[in-house]
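Just the one chain here, the form predicted on its own, laid out as structure tokens.
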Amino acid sequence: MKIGVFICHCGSNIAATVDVLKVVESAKSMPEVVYAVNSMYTCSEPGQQAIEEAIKERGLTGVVVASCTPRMHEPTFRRTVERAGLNRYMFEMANIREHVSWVGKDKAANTAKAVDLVRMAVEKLRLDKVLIPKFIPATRKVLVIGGGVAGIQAALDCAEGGMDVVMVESEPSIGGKMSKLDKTFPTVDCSSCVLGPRMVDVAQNERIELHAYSEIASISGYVGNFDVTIRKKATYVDWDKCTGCGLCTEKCPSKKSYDRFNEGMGETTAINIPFPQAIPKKATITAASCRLLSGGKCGVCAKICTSQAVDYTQKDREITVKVGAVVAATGYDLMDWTVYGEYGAGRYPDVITSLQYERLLSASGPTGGHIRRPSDGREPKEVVFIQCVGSRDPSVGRPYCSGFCCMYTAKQAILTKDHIPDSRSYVFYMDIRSPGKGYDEFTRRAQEEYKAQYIRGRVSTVYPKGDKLVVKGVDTLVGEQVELEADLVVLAVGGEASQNAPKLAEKLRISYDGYGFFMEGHPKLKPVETNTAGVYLAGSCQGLKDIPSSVAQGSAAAAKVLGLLSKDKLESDPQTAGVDVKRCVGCRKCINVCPFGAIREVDMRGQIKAEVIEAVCQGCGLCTATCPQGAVQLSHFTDNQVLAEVEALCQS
């Protein structure tokens, strides 16, 4: 074997704490290494050209690059050696940046460690074998989970690109959180005017199949060939017959149902259409509030429905679809602010959340766009906004910044002045975070033009005093205690991952972080991809973000889907597990630990054996580590290859 070793300076990232030339000299003496050289930036065009030329001129049959993490540039170098005529899997990468130069400043120790890592890579490469990918057919259809603004954008872009789309939304209407907003920052334009036409586009697009009030029951299969079971929850109304006339909602005598769309700021009927612009504009019965379904008496809606759409016997049902890719756009939930006992923990009716305030501001809200105190219906003159409720607070397990709270608070302060010209707004804040285009100017406008008084400090407590609320806090800029009497207190509640996000992640076989947000494949290079091929992310399910960022990520996910399914067949990664049936004893341990469902049991002449479904296998290696017989081996990471690395390290 003829091995070439290329050591990268990475500017000063590596060279500052590693003697690169000494590593090169050490590499020259390693077994089967016929060429070793250093490069300032190996990933640059000249660096890649140097690798190609060395392969061709010196007849190299294997290449080792010692530079940064394989997560960043391993695909880059694999394409490089392939262009020069080598099999892409006859390449190894030693990480001497993150694992060496970035963790210590002792140049001698770093250099010795870099030499060890290069030696390990060389020993592994000596046992590498040529791997050939396979090609699998793909279904040119995409599943979009979530009908918020990110999911809508992804679905429309995929449909525009000629892809059939199946959209699944858990609520009776698409639109997500944006449909509940009155205006959007920093332009203060009508939210429904922006979102409404896009929702209609979804309904009218022949390529988009919408399943509202539905959820994902299960997902199996692999990239290009996912089998998805969708559970359509019972609405007790035949949506094929329902015309959305609203007559049933007018006549329904059960008018005390919790209004989910209006965040509980009003009450609705047991049978209702969420809001005037709902898509689909169909009625849904809340079983717990329906007198007939809960008590056996009433049935008014069925009697007055001219299209005979009401069906009290309706049950949940399941349908199955086959798709080639999945876009997860499940959005976010507001953090449960009632853990803050100092703010009333839900005891005071005039302490409300920011989203509840949006419903008071909206013309389609319970008060017709007139700001009214929930307790007595009076117009508030003194409004206090408290920021970072459930954000940047480790004490409640939310140390992260939600990102959009500073901006929507400024927007609400502006709208409050527009609605009630003689009102005064006070904003308690920790720091103002407004990095977007036109965002800082917007927050300054709230302060300077609309006279919102910003007070830098935390609020310690809120308590009632007569028909007022006393807000006690501190102004850290002047170092004084602050005590305000407010008519209304609005909490800028931070966001968190959707409640069912971890369960969905398990069904999708993707990773999620400690807060429940789905994890991207790489924070910089793969921001909308996941560790499962064919599954992409859009919007706040990956991390909280505002509307423009959600729309951008929706389009990015759509672009990835269109790129993936632009071919009739997909190339599979050959770095998969394989079973030596002679050594397999059928213990099923590999089947039990596989997170991707890629191993199944088969009957071979009366004996149970394990078999790997190569198209599903993601090459994680759990089965290899678990198998007590060593019957399961992972291509490109066999036991012998790993042991060769260990022996190289022990001999150094």
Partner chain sequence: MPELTENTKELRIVGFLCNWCSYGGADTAGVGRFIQPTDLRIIRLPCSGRVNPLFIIKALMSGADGVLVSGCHPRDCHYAEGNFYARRRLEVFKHLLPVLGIDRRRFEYTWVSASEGPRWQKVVTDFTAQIHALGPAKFFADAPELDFLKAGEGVMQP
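Keep in mind that what you see is a predicted model, and the values were worked out from it rather than measured. Positions refer to the first chain, counted from 1.
There is another form of the same protein, the form predicted in complex with the partner chain; it is not shown, and what comes next is about it.
- Task: Tell me, out of Val310, Val202, Met120, Val168, which residue has a non-hydrogen atom within 4.5 angstroms of the partner chain in the predicted complex.
- Result: The option sitting close enough to the partner is Met120.
_Exactly one residue in Gln618, Asn38, Ser26, Gln48 has a non-hydrogen atom within 4.5 Å of the partner chain in the predicted complex; which is it?_
Exactly one residue meets the criterion: Gln618.
_So, Asp487 and the partner chain: in the predicted complex, are they within 4.5 Å at any heavy atom pair?_
Flag for Asp487 set to no.
So in the predicted complex, does any heavy atom of Thr69 sit within 4.5 Å of the partner chain? Result yes; Thr69 sits at the interface with the partner chain in the predicted complex.
Please check if Leu127 has a heavy atom lying within 4.5 Å of any heavy atom of the partner chain in the predicted complex. Yes, Leu127 is a contact residue.
Is the gap between Lys297 and the partner chain in the predicted complex 4.5 Å or less for some heavy atom pair? Output for Lys297 is no: heavy atoms all beyond 4.5 Å of the partner chain.
(Q) Among the candidate stretches 536-544, 270-278, 178-186, 108-116, which one is within 4.5 Å of the partner chain in the predicted complex when only heavy atoms are counted? (A) Every other range fails; the passing one is 108-116.
Across 615-634, which residues bring a heavy atom to within 4.5 Å of the partner chain in the predicted complex?
Sequence-ordered list: Gln618, Gly619, Cys620, Gly621, Leu622, Thr624, Ala625, Thr626, Gln633, Leu634.
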